[in-house]
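First comes one chain, alone, set out as structure tokens in the form predicted alone.
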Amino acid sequence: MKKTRRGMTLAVGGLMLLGLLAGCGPKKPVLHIYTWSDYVKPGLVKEFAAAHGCRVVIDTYDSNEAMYAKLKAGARGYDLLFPSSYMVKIMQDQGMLQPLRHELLPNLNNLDPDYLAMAVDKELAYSVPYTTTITCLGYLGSRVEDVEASWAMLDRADLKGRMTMLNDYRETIGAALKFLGYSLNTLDDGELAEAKEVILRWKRNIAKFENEQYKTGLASGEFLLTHGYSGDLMLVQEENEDIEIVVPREGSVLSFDDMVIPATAQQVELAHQFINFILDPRVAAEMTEFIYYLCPNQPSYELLDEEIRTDPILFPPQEVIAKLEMIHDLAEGNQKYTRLWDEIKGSE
């Protein structure tokens, strides 16, 4: 499969977006999207804008919590968001989202029923799955010996200072819980206390907790092993073919990022049109091959390059899927995780 170089893609993408914004007249409607960085193919954004006679403005965030905090603080003007499913549930419960109009979304029929069965919002009342991802371990194959597909790699003293973990309390606490054989949604105080001790042990080995630099750090060799998202890790493989990816045998996180329309959206019909555009099989296939996160669009699979269709990370075997778990909103139980995370981050 021909892969584009990431640096070139970003540069061209920036120029496309700038050109798109500069070339549209001031009277055209504007669709404001708030999403993860590098998460929409610029050429497809340009195609959508041309087809619908609009402008598209994209702002980005680096965590669900940052996006949520900004909206709770009063940010307005966004028409389409891409939060993870557990955050969708929180936002829906707090009246921050508006129901979807299915008559404007005929392409909903293209969603993969196997993934839809695992979705939090199975009725698609407020959200539509955009991508799926598995949280994995990435490492440099020529520099890390005796690799196990296990969270136990984070105990490796020979890799001390050359590893990272995600700066995400549910992901990182979840990794320790899965390592111990527990659910990553447990509310058992004893299990959470055990997980804390594991993470404190890992913390002494890792360089830092962080969500962005692990990608470039692994590609450059600054880090030898990183905890990260499958799409991110697959993307940096094009910069460094020495990168290998494994799903820990104890199990890991399966995540959905969803498309939702906030209650304060101004361009509601245009937001629906963008969702329906993403659900087109051709568009979904292009998006999967651009971001290396699987768009769970069943008819799109046959349009993918063979290397993508046979990739065991994008299309994992059943025995791997069986040990994956989704992060759930734990309501008041979330406080146990935030307190535990504060204790972990505050420890020496």
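Residue positions are given as counts along the sequence shown, with the first one as 1. Not measured: the values here are computed from a predicted model.
Below, we refer to the form predicted in complex with ligand SPD, which is not included among the displayed structures.
- Only one of Asp305, Asp38, Asp311, Asp280 lies close to ligand SPD in the predicted bound form, with a heavy atom inside 4.5 Å, and it is Asp38.
- Of the candidate stretches 250 to 258, 145 to 153, 185 to 193, 100 to 108, only 250 to 258 has residues whose heavy atoms lie within 4.5 Å of ligand SPD in the predicted bound form.
- If you check ligand SPD in the predicted bound form, you find a heavy atom from every one of Ser84, Lys215 and Asp232 within 4.5 Å.
- Within this chain, Glu171 lines the site of ligand SPD in the predicted bound form, having a heavy atom no more than 4.5 Å away.
- Among residues of the shown chain, Tyr293 is one whose heavy atoms approach ligand SPD to within 4.5 Å in the predicted bound form.
- For Gln92, no non-hydrogen atom is located within 4.5 Å of ligand SPD in the predicted bound form, even though that partner is not displayed.
- Within this chain, Thr164 is remote from the site of ligand SPD in the predicted bound form, having no heavy atom within 4.5 Å.
- Residues of 92 to 113 include none with a non-hydrogen atom no more than 4.5 angstroms from ligand SPD in the predicted bound form.
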